[in-house]
Ligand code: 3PG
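Only one chain comes next, encoded as structure tokens, the form predicted on its own.
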Amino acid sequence: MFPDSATTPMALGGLPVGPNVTGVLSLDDVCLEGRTVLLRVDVNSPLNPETMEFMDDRRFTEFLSTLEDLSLSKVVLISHQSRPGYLDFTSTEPHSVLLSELIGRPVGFVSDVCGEAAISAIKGMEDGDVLFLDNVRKHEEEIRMKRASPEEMATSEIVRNLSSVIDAYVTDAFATSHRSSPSLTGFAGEVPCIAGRLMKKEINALRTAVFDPPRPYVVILGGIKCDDSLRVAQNLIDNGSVDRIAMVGVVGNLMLWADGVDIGATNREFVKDSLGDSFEETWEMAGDIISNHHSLLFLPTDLAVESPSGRRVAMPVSDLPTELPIYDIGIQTMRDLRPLIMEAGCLLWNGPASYFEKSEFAHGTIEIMNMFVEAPGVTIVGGGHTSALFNQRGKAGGVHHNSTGGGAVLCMLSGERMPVFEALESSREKFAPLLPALGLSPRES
């Protein structure tokens, strides 16, 4: 369904990572049997604030195929959970327990990131062992050095200490691939850095969505992150790869306003407040898209507002302005959107169409989700709240790709730099020629 690069390094194509992109190493390019591997994952998961129990295990289940591929290696897992100062900033010991339950075998834990306890535990591992290090953000370098250069990160304790006891670094932390820190990008010059199965799947699916989608290609952008959504829209337009862009949710309200529709002071202020300092830049971007690419846009023709008593009230766009908050798209908009979705060769959706946490206003978002599951084309869900809804409703298996990323998806689709991709490419350039000497070349079948 998506491009498969099992036999060749994954080229990241037109992603903004330099003119001489050669791709990244995958698990098909490297033999790691009997080797010690640092596996960077993103299991930063929602926790019940009262019980601190996991509310969703998807970020664990998504990298299990990589862990299976490394079953004959010594696997050292490293990840983060939240950040200092937040209630859910915890040890990753519960994460090791959950992972053990999921894979049906022991997962060790050490209450250390890269100190003597961690190094000693790693040195004592045998083939097939799995060890979880503590929350990497407990080490102050992980946050303090997020803007450091690759050369500076290589001098961090995290990188120096761990690279001394591992043979390779594998990453499946796609959800944080738009970030930079020692554990995410610091190992590129020290050991071979390799994309895991989840990372490979994410790159291939989203690269397809940006550069080579089956046509017609329909993108639905919603939610509250108007600035991010408009950058995605502009990048897809500039690439010439998109046929229609449907704007819903707060993004749709902004675009109606930019198109000359008075959405009412209450809704205008909400849009402004949600954008903060980026309002002027986003407003200018919205105006440019309206002026130059209006034919590509699908905007709502009716909406649903919340009455003072909390009821859902239908309202055609022609009846605006309103001082009532706009919380959903309307029935006619859903009807008009259906043929676009059903006739598309490729569909991408990021951001809900409504304030779906309120049951009265969940209809638009749920209806689009149901259409996605029915659609015959390639369907890609772009992470964040949209992805979570598919998971909660048991619909994740009904689409071709349900991304684990939120911000990473938006950054990738909007053409912004992806530091983790850059690190993987830099490492391949350095280490690919050295794999035979390192004894890491795959055996010939």
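In this text, residue numbers run from 1 along the sequence as written. In this text, rigid core is short for the largest set of C-alphas that superpose within 1.5 Å between two forms. From a predicted model like this one, the values you see are computed outputs, not experimental measurements.
Only in words, not in the display: the form predicted in complex with the named molecule, which the text now covers.
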query: Exercise: T176 in contact with the named molecule in the predicted bound form, heavy atom 4.5 Å; finding: yes
query: Exercise: G407 in contact with the named molecule in the predicted bound form, heavy atom 4.5 Å; finding: yes
query: Partner proximity in the predicted bound form: R197 to the named molecule, non-hydrogen atom cutoff 4.5 Å; finding: no
query: Distance check, R83 to the named molecule in the predicted bound form, heavy atom within 4.5 Å; finding: yes
query: Contact stretch among 386-394, 414-422, 41-49, 65-73 - heavy atom within 4.5 Å of the named molecule in the predicted bound form; finding: 41-49
query: Interface residue in the predicted bound form among R137, R207, R231, K201, criterion: non-hydrogen atom within 4.5 angstroms of the named molecule; finding: R137
query: Neighbours of the named molecule in the predicted bound form among 86-122 [non-hydrogen atom within 4.5 angstroms]; finding: none
query: Core-superposed comparison between the shown form and the other one, H385 Cα displacement 2 Å or beyond; finding: yes
query: Core-aligned C-alpha movement of G351 between the shown form and the other one, 2 Å or more; finding: yes
